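The chain below stands alone and is given in structure tokens; this is the form predicted on its own.
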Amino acid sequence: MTMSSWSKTVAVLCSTLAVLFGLAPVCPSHAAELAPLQAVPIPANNPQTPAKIELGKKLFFDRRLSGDGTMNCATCHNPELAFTDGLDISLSYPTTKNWRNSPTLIDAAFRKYLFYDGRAKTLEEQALFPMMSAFEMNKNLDYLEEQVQLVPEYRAEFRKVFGGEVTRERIAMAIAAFERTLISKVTPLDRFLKGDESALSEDAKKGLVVFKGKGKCIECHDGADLADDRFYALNVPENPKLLDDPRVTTTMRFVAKVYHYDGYRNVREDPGRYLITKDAKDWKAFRTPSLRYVSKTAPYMHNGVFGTLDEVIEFFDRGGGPGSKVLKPLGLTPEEKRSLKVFLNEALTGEDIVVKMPEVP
């Protein structure tokens, strides 16, 4: 019997048991759709070394990377806030306004796409975007190269790590190497999937049943990272705090113009993945986020419009935003919603990832 046939047989057996005995068991066939994290993928052209990781950590916390010297990567990805900033919209360069929420960097090493619109496919590519962005760190990269090169400690470290001088590509490679160390600690779900039945409370187990069954969460939040690396237009409502802010409108139209969208002067909402693909189905589509450490990464969605997991659960229960073609109403009971929230809060978060602050030159 093939593994596929075995999975189907087990699924039928579990379903039959559920009907006969009124149970909703956690079936192995479904559990196989979730998995503990595996080894971190490392690109061949940027191998990990302790010296490179330490260099990347210093750069991550170095305010030289911003135009006015007030921001670093940790400004929006604070280790004490699960590598987010706890705000609905991430912090912005003075006089400007951002338009999207800061996603966590935890387990970013496993993502096939970075940013909510998926415009970067590697951490090396991702690292330079915020530095260059006019409404984030607003740094000229030619200037940054010379600025870092003039620091004796950095000059020596780049020669040691890369065998040469400072370049923007090497800055990005070092930061990416550090970010690949920001990996989830073992969560209760990981222990449960490895056979420890006591790792989840009874309420969390009930929530897992909802997660994999009636709640349909697993259809997008599967695998080890609890994300399918795809993009969906859920018709998430606009954040009312941003609708009438001319700085946000400026940012929206600026980004749309950069990505050669002819109608940029009329943009009043975030086009999402569409700006990257120009495919109509991607209008307002955004990447499925990982649910690991979700209890610590509020507020939620690409624009931080939902401040609590209760709001997120209600949004999905009613079938997404008006006109959504991706989601359908779920009809969850109050008890099912409560159990699902318990699972999300208790099962998916490990110990805090502690980063020892480096001594920045």
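Computed from a prediction, not measured in an experiment: that's the story for all the values here. Just count from 1 along the sequence shown to find any residue number.
Omitted here: the form predicted in complex with a small molecule. The next part is about that form.
Engineer: Could you spot which one of 239, 251, 184, 104 gets a heavy atom to within 4.5 Å of the small molecule in the model of the complex?
Structural biologist: The option sitting close enough to the partner is 104.
Engineer: Counting any non-hydrogen atom inside 4.5 Å, which residue from 191, 119, 257, 247 sits next to the small molecule in the model of the complex?
Structural biologist: So the residue touching the small molecule in the model of the complex, by this definition, is 119.
Engineer: Is the small molecule close enough to 53, 162 and 180 in the model of the complex that each of the three has a heavy atom within 4.5 Å of it?
Structural biologist: Checked in the model of the complex: no contact with the small molecule for any of the three.
Engineer: My question is simply whether residue 261 lines the interface with the small molecule in the model of the complex - judged by any non-hydrogen atom within 4.5 Å.
Structural biologist: Answer no; every heavy atom of residue 261 is more than 4.5 Å from the small molecule in the model of the complex.
Engineer: Should residue 110 be classed as touching the small molecule in the model of the complex when contacts are defined as heavy atoms within 4.5 Å?
Structural biologist: Result no; residue 110 lies far from the small molecule in the model of the complex.
Engineer: Would you check, heavy atoms only and a 4.5 Å threshold, whether residue 35 touches the small molecule in the model of the complex?
Structural biologist: Close contact is absent here: in the model of the complex, residue 35 is far from the small molecule, nothing within 4.5 Å, heavy atoms only.
Engineer: Although the partner isn't part of this model, could you tell me whether residue 58 comes within 4.5 Å of the small molecule in the model of the complex, counting any heavy atom of the residue?
Structural biologist: No, no contact at 4.5 Å.
Engineer: Only one of 261 to 269, 152 to 160, 127 to 135, 275 to 283 gets a heavy atom within 4.5 Å of the small molecule in the model of the complex; which is it?
Structural biologist: One stretch meets the cut-off, namely 127 to 135.
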